[in-house]
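Below you will find one chain, with nothing else, as structure tokens; this is the form predicted alone, and questions on how it binds or moves follow later.
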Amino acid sequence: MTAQRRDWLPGYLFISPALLLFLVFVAAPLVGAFGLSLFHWDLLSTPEFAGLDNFRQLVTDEATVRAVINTFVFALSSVVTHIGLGMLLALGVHRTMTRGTKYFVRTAYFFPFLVSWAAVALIWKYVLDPTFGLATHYLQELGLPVTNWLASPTWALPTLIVVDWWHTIGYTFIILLAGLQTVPAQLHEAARVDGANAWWRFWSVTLPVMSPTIFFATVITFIGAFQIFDPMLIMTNGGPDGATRSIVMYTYEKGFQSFEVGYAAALSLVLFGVIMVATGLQFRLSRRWVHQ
């Protein structure tokens, strides 16, 4: 037993930095958020124990329900557009371009992902400005009607979905392109010999082999989209009339503007729970379509 413990010791030493970071920056804040959610506190007065009152308020708060719905719509739309259009881009680059062109296109699509969300939001806010924006100028040149995209209850959230796609598609594109490059060429050749056309080769060969990559991209995209905050705050401030308020933004408003710290902590726990359940469900369903 002593020898076995001596063998384990280097392993524990190697994981200790990561374990320490996890305990300090993940586990401890999670426990602290749960503790704060049980109190009414405005950062100035003495905390007042509230039990589960904050969680009961979540059920009846229409703003919370709408923020959760907005976030789900944003996240699901982000997953569909990133995986669907990202796959089309990856296929186009992988199959039809020379090596030099591939390098240029990969760089061009990935570059926006390196720019901070704050800069991207300000750029697109200028582009979509209804008075002097570039989009307004070219729409007027083409004789098309001009819309105040960010002030429209109908178009504000779809506009943010498009901006998010432009900013983050490069990451998904690179992941899917890397997955395409792992598909063995001999499998396509065997399917071609058997008479399979391009569509059936994609459906029966490419997708099954790429399913772990697609699954990873789906999980990462959903988690990132469900925590969206910056474009909502900078471009629309949650408006118009709460049409673009996300659950993270609502948590920020409650915690740092209204100073309802306990309620904000309860909202953050709801966010954590939704992401955990959704991710667990994706892992559960992956057994049916992901081929290792």
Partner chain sequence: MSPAIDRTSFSLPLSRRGFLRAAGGTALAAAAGGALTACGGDDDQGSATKELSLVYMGTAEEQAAWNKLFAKFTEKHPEIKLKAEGVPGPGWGEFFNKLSTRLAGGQVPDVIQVATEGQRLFASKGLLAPLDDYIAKDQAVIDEYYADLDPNLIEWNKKYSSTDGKTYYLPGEFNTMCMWYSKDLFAKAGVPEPTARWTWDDFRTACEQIKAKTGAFGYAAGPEYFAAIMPWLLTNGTSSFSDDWSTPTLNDAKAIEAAEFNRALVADKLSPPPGGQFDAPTALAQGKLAMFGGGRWPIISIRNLKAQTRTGIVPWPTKVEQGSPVGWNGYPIMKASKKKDDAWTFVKFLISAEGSSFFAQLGGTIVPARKSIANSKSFLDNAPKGTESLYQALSYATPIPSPDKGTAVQKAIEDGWKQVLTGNASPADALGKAQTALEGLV
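Computed from a predicted model, the values in this text were never measured in an experiment. Numbering follows the first chain given and starts at 1.
The same protein also has a form predicted in complex with its partner chain, omitted here; what follows describes it.
Quiz item: What is the one choice in 105, 151, 198, 220 with a heavy atom within 4.5 Å of its partner chain in the predicted bound form?
Solution: Going through each option in turn, the one that passes is 151.
Quiz item: Within 4.5 Å of its partner chain in the predicted bound form, do 215, 265 and 280 each have at least one heavy atom?
Solution: No: no residue has a heavy atom within 4.5 Å of the partner.
Quiz item: Out of the stretches listed (205 to 213, 90 to 98, 73 to 81, 126 to 134), which one is close to its partner chain in the predicted bound form, meaning heavy atoms within 4.5 Å?
Solution: Heavy-atom contact with the partner occurs in 126 to 134.
Exercise. Using a 4.5 Å heavy atom cut-off, state whether residue 36 contacts its partner chain in the predicted bound form.
Key: Result yes; residue 36 sits at the interface with its partner chain in the predicted bound form.
Quiz item: Is there a heavy atom of residue 253 lying 4.5 Å or less from a heavy atom of its partner chain in the predicted bound form?
Solution: It does: once its partner chain is placed as it appears in the predicted bound form, residue 253 has a heavy atom within 4.5 Å of it.
Quiz item: Is residue 28 close enough to touch its partner chain in the predicted bound form, meaning at least one heavy atom pair within 4.5 Å?
Solution: Residue 28 belongs to the contact set for its partner chain.
Quiz item: Is residue 43 one of the residues lying within 4.5 Å of its partner chain in the predicted bound form, judged by heavy atom distances?
Solution: Yes, residue 43 lies within 4.5 Å of its partner chain in the predicted bound form.
Quiz item: Along 251 to 267, which positions have a non-hydrogen atom within 4.5 Å of its partner chain in the predicted bound form?
Solution: The stretch 251 to 267, when checked against its partner chain in the predicted bound form, contributes 252, 253, 256, 257, 258, 259, 260 at the 4.5 Å heavy-atom cut-off.
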